[in-house]
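Read the single chain below, which is given as structure tokens and is the form predicted alone.
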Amino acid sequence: MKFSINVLGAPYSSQASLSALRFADAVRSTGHEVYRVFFYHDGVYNGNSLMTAPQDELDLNARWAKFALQHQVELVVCIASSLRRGMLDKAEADRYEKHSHSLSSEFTVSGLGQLIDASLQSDRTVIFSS
């Protein structure tokens, strides 16, 4: 079975991100596929490369990046949500003439069409909200 995951909650302020990550790990460990993970609303903060977790806490940004690289899964942040929250990749930072960018390289910026495509390509879309 092919799953897509939609994460709406910010890391560390809701359980959404950690629950979605655990779900994604469970999907893969049972032989199913994760087609795409789409981060929307405050969920885009999961892509923040400047986020630094205390040593005794799980680094959610690094864990999502590791999951994506390990399983060849695309991590997409909504462009409208990310722009509002200052989560820019290098291309968007250059486009808006900002001095820096904050999106981890394992995450890509795209529109809601990617969420629609993920829903169409998958058997199930699971939403993790705050």
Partner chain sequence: MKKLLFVQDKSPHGSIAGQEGLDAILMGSAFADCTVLLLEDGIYQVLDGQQPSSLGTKNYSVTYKALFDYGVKHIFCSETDLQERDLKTDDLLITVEPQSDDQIKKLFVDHDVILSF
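Numbering follows the first chain given and starts at 1. This one's a predicted model, so the numbers in the text were calculated from it and none came from an experiment.
What comes next is about the form predicted together with the partner chain, which is not displayed.
None of Ser19, Ser14, Ser119, Thr108 but one reaches within 4.5 angstroms of the partner chain in the predicted complex through a heavy atom, and that residue is Ser119. Note on the partner interface in the predicted complex: the residue among Lys98, Arg84, His71, Lys90 having a heavy atom within 4.5 angstroms of the partner chain is Arg84.
The shortest heavy atom separation between Met1 and the partner chain in the predicted complex exceeds 4.5 Å. Using a 4.5 Å cutoff between non-hydrogen atoms, Arg63 does not count as a contact of the partner chain in the predicted complex. Not displayed here, the partner chain is kept clear of Arg28 by more than 4.5 Å at the level of heavy atoms in the predicted complex. The partner chain in the predicted complex is not approached by Tyr35, whose heavy atoms all lie more than 4.5 angstroms from it. Just one listed stretch, out of 36-44, 99-107, 63-71, 50-58, contacts the partner chain in the predicted complex at the 4.5 Å heavy atom level, and that stretch is 36-44. The partner is not shown here, but in the predicted complex the stretch 1-17 reaches within 4.5 angstroms of the partner chain through a heavy atom at Asn6, Leu8.
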